[in-house]
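Below you will find one chain, with nothing else, as structure tokens; this is the form predicted alone, and questions on how it binds or moves follow later.
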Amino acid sequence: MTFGKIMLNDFLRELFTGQFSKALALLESVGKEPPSPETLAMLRLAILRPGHTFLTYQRLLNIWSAWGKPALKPNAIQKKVAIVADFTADHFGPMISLFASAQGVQLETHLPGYDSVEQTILDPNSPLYASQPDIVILFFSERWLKRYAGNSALCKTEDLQRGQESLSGLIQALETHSNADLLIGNLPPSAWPMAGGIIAKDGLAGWNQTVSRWNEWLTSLTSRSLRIVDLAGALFNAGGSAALGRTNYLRARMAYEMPGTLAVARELAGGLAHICGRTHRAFVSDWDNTLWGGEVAELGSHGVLCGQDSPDALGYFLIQEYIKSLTSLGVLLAGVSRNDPEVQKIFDENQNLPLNLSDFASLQVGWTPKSDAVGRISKEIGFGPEFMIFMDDSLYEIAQVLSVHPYIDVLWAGPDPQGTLDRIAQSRLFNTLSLSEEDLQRGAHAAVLKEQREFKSSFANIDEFLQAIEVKLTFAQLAENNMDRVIQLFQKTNQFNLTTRRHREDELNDFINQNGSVYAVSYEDSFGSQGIISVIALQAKENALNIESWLMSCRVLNRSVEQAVFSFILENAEGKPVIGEYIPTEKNGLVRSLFPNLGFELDTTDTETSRQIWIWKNKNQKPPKHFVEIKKL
């Protein structure tokens, strides 16, 4: 076992058993040499673990800075972010950067002056726009709204509407002068609760009612570039009114106490990760003493704790309910148990369990190492461990999985169900700001793939299987009805992505205006639809057709889909040569051989960047074989 893996075991023990300072001391002992993947995993897990003091996270920031602020996840997204607030917000840039790094987003932050919201946003020549941010974070204290709603115990409806009109004007100015995405935080209740509460009468409302109406109005705003972040929920989770600015507001005009600052920074970082496609998409859980109390093999299907009969049984019941609820957000569930496969019968025999076998997109029950099981799950559901959460009650198993998959994120279950519930909820790792149709259908797509895998085993060879399932691809040009999914694929896809360019809506529209074409490719077979699974961006040159971007979901690999997509590209080339580009990254080694396998010839290689240019000469070459019906809308 290497020193890094031994240190990982020690670190996890200290991290999860309350010796946080000792865990950080282990990280500080590493020094400034290039950190190993295990060391980066340790730092990332420490950053993601909530509930510590501001000074502790400052210590983590110092460690990260001493290492040169390396990426903590593969294929980290680089973004410039402007933070605009009406209160003293100097602490937010470093903390948001720290929390975002743990989710695979590297930030360059810009903070305008104190309480200069309107001046900054309404002036097209302000430093905000000069910094050309990719994302603007806009959040307020209650004092900003009180400029319009007043300080009375009862607020007039028309005054609230003036505040809404003012924010609408700021949003319009941002959208006019910048192509940045926009994150807006909602409002928590007051640090010093006002009389009036939730009274509502004759065009008047108490402050709590006014804040509630403001937040409800925020969620009604519709714009592809705008997302609302639930700061009120984050602050409630961090202690409610105790997390709001009291001493800090009186002394420094800060809207939050330090626990509140950390909760808000973490929530905003999660919002940035969402925009950048760096969200968690799967929850992988152990079973015994994690989803229920006790071991099925010893106690039987009805002997384990889960139900309504005791406090611990109810705790495990709520854990399963919480995990099951994630499926409605498009999160895939996977079960991992080092056990006899016979234990799966518990889900049929014990009716007290909220979860059932059909809730799991992948099941790995057997005696192999859990790291092997995670690898198989990754292949089955079509994305890497860096997009998964793994939960287990055994620190040994967590360390074993991390030693093989250092970019997976983990939760420790136990030693009682309440501790598990607290960690799942406080992690805030599955908070989402918006949902695409693809997100909502992910569970159904996974079920279809599971059925296909079982069906495939009945065929002697792959050609017979592909002919039997009748794959159809539909190519549709970029439009309003597919824009969200196309942008999502550009932000999220890493493995089958030849250039890893992270195009946004404005960039795609500019590309189309420069003689480019962007196609969303939908997949369907005899089992059902998988939705939009691929995007190609093609640009016609005078003497060639250039593949500017080509990306695809891994869940449809090995079905001759890539060959069919290329056949479509050849049709668009109309006999001209086709130029392809491959830019290697940490994650896209999967497509390293795509162009040569399709019949391209290597033209040039940049020795500094390893960027390769490939050419299909389109002279007496046969298009690649595939088993797909192609349709163009």
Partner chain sequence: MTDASLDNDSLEKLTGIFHVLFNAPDLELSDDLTAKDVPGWDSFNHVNLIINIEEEFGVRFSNDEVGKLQNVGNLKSLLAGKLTA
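Just so we're clear, the structure is a prediction, and the values are computed from it rather than from any experiment. Residue numbers count along the first chain shown, from 1.
A second form of this protein, the form predicted together with its partner chain, is not displayed here; the remarks below concern that form.
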Where, among 314-322, 370-378, 411-419, 88-96, do residues come within 4.5 Å of its partner chain in the model of the complex by heavy atom distance?
88-96
Taking heavy atoms and a 4.5 Å cut-off, does G293 contact its partner chain in the model of the complex?
no
Distance check, P112 to its partner chain in the model of the complex, heavy atom within 4.5 Å
no
So in the model of the complex, does any heavy atom of M254 sit within 4.5 Å of its partner chain?
yes
When the contact criterion is heavy atoms within 4.5 Å, does R49 count as touching its partner chain in the model of the complex?
no
Contact with its partner chain in the model of the complex, heavy atom within 4.5 Å, among T585, T605, N572, T53 goes to T53
Checked I547, M258, I228, L473 for heavy atoms within 4.5 Å of its partner chain in the model of the complex; positive is M258
Q58, N62 and N248: each with a heavy atom within 4.5 Å of its partner chain in the model of the complex?
yes
